[in-house]
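Have a look below at one chain only, the form predicted alone, in structure tokens format.
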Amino acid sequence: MQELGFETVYSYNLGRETGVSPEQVRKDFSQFGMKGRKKGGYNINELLITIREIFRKDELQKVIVVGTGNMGNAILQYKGFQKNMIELVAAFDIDPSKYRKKLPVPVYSLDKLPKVVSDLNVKTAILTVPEQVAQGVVNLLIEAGITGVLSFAPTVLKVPPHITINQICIGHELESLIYHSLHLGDNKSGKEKC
């Protein structure tokens, strides 16, 4: 909206665009001290500044990747992280033929993970390992100091309450998409699920 030249936005605009009620937008914003004016809406510039602070968008966030198979390699080559202030700083794999320290993202053996995580002060990891070994690798990540994991392993991971796991199961997501596309006639709204 800012790029379109708007200076203010109303909760009903944001609610409509995100699929939630204006009341929910106001409630969520108030949790972070974001205040609007009753007839003037929210100042877009102020919202963006606060959102950047909440998500620490002004400081580089370091992330590691564990598993450098097809999915891991695709993630390592993705250039879109930079615009979100995310830097992939290291990758890990059990295959010695993949260990290279001279790449833009160096690849190490799994036994080097604790030292690299500590030295680089990394708190977030992307997990792209087979489901059979995912729990063991997550345990290793937690022991090393990782507190947030984006997992592509199609299995439920058991972690302590202070650890955040976001799971992406491509098969489940595709099944959901297929279901919704087949039942489009039942739901004329065409809303995206995000």
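Residues carry their position along the shown sequence, with the first being 1. Every value quoted in this text rests on a predicted model; they were computed, and no experiment measured them. What we label the rigid core is the largest C-alpha set whose atoms superpose within 1.5 Å from one form to the other.
Heads up, the form predicted in complex with the DNA isn't pictured, but that's what we're talking about next.
*Asks:* Only one of 163-171, 123-131, 37-45, 148-156 gets a heavy atom within 4.5 Å of the DNA in the predicted bound form; which is it?
*Replies:* Single hit among the candidates: 37-45.
*Asks:* Counting only heavy atoms and a 4.5 Å cut-off, does the DNA in the predicted bound form sit next to every one of 12, 23 and 27?
*Replies:* Yes, because 12, 23 and 27 each have a heavy atom that approaches the DNA to within 4.5 Å in the predicted bound form.
*Asks:* Aligning on the core only, does the CA of residue 16 end up 2 angstroms or more away between the shown form and the other one?
*Replies:* Yes; that C-alpha moves by at least 2 Å between the shown form and the other one.
*Asks:* Answer yes if the CA of residue 30 moves 2 Å or more between the shown form and the other one after aligning the rigid core, and no otherwise.
*Replies:* It does shift by 2 Å or more.
*Asks:* Comparing between the shown form and the other one on the rigid core: C-alpha of residue 47 shifted by 2 Å or more?
*Replies:* Result for residue 47: yes, a 2 Å-plus shift.
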